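A single chain comes next, written as structure tokens; it is the form predicted on its own.
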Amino acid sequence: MKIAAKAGRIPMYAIELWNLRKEYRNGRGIHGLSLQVEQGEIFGFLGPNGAGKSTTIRTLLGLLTPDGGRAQVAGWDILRDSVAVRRVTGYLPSENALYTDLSGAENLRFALQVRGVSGTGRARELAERLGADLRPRLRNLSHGQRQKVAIVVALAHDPQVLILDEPTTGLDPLVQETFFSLLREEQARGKTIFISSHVLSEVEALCGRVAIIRDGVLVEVNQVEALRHSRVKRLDVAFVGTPPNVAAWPGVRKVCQDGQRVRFAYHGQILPLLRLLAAEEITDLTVNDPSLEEVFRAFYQNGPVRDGASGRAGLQSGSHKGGR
């Protein structure tokens, strides 16, 4: 059974939040999130563990009651129309919530029956693509195999909006690529995909636009290109002889020298750094992507997040024209 958007209104945005709050006694939660996710967009929701990503998602799905503000998914209000919200969404939680005493096929049938969907939907096609075995009981499967079954269950009813919380946990690289291809195909079919992650690289591979949340507050909403240009790189360089004074190079910080090997962080255009390195004799060079926390520090080094950071300005950073 399909539930479309409310009669007489085609929502401009697939997901909308207005000053949404869900606050816990320990100070954690989400503190006034305002955000718009466009129809047909693959949107990344980034943040370290504990930043408020899962709280946001569970509040959108009606699994948590907000303390203030409001939100809509596919035009449906998350409080008044919570059943409709869950019917038009495909949800993949960060921790596998399927019944381990049941097989994948039994979990699938149960999920589709609850949604009022007859048959098995797209399950066979999805299972074949991902290499998911739906026959064994889930307790007999590895974590990665369970995750593949969970993806099949989340997508089988052909939802309008996919909400995926840490979706690639436990998947090997080849399955991840297949999964990413599936998501791009869903986007091409007009579906909206909201991906929560603390892994920057996988979001970069899919998303055109991202929001960064830290301590329950949006600190950036921007195009992936803009985020990429602001990234920090970690370098490990082995020099021949005495290393140069790397700490004096523009953009270099956090220098750690161990004999002829120097480790440091670099923020800025890569070409000037390459020219400096080319003038030196080196025997080894490793360049690593930063952790998401390092990206945060590169963006926001001036004071606590809760002091005036809002994400509203980021909403003006340009319209989205489709994920990458």
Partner chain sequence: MRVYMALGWQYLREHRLATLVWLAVTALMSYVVASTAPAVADEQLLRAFLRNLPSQVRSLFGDYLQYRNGVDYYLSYKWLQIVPLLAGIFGALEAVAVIARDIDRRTADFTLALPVRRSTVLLARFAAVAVNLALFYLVTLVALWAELWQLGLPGSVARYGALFAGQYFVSLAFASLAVLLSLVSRSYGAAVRASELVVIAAYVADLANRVAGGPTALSRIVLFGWVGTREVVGEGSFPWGAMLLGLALSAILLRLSVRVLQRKQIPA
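For clarity, every value in this text was computed on a predicted model and none was experimentally measured. Residue numbers count along the first chain shown, from 1.
What follows is about the form predicted together with the partner chain, which we do not show.
> Name the stretch: of 94-102, 194-202, 244-252, 208-216, exactly one has residues whose heavy atoms fall within 4.5 Å of the partner chain in the predicted complex.
In the other structure, the partner sits against 94-102.
> Within 4.5 Å, heavy atoms only, which of G190, G116, P136, G131 is in contact with the partner chain in the predicted complex?
The residue in contact is G116.
> Work out which of G62, G40, G29, G32 lies within 4.5 Å of the partner chain in the predicted complex, going by heavy atoms.
When the partner chain is considered in the predicted complex, the option within 4.5 Å is G62.
> Does H267 reach the partner chain in the predicted complex if we count a contact as any heavy atom within 4.5 Å?
Looking in the predicted complex, residue contacts with the partner chain do not include H267, since no heavy atom lies within 4.5 Å.
> Though only this chain appears here, would V153 touch the partner chain in the predicted complex if you measure heavy atom gaps against 4.5 Å?
Flag for V153 set to yes.
> Although the partner chain is absent from this view, report whether R86 comes within 4.5 Å of it in the predicted complex, heavy atoms only.
Although the partner chain is absent here, R86 would touch it in the predicted complex, with heavy atoms inside 4.5 Å.
> At 4.5 Å between heavy atoms, is Q147 in contact with the partner chain in the predicted complex?
Output for Q147 is no: heavy atoms all beyond 4.5 Å of the partner chain.
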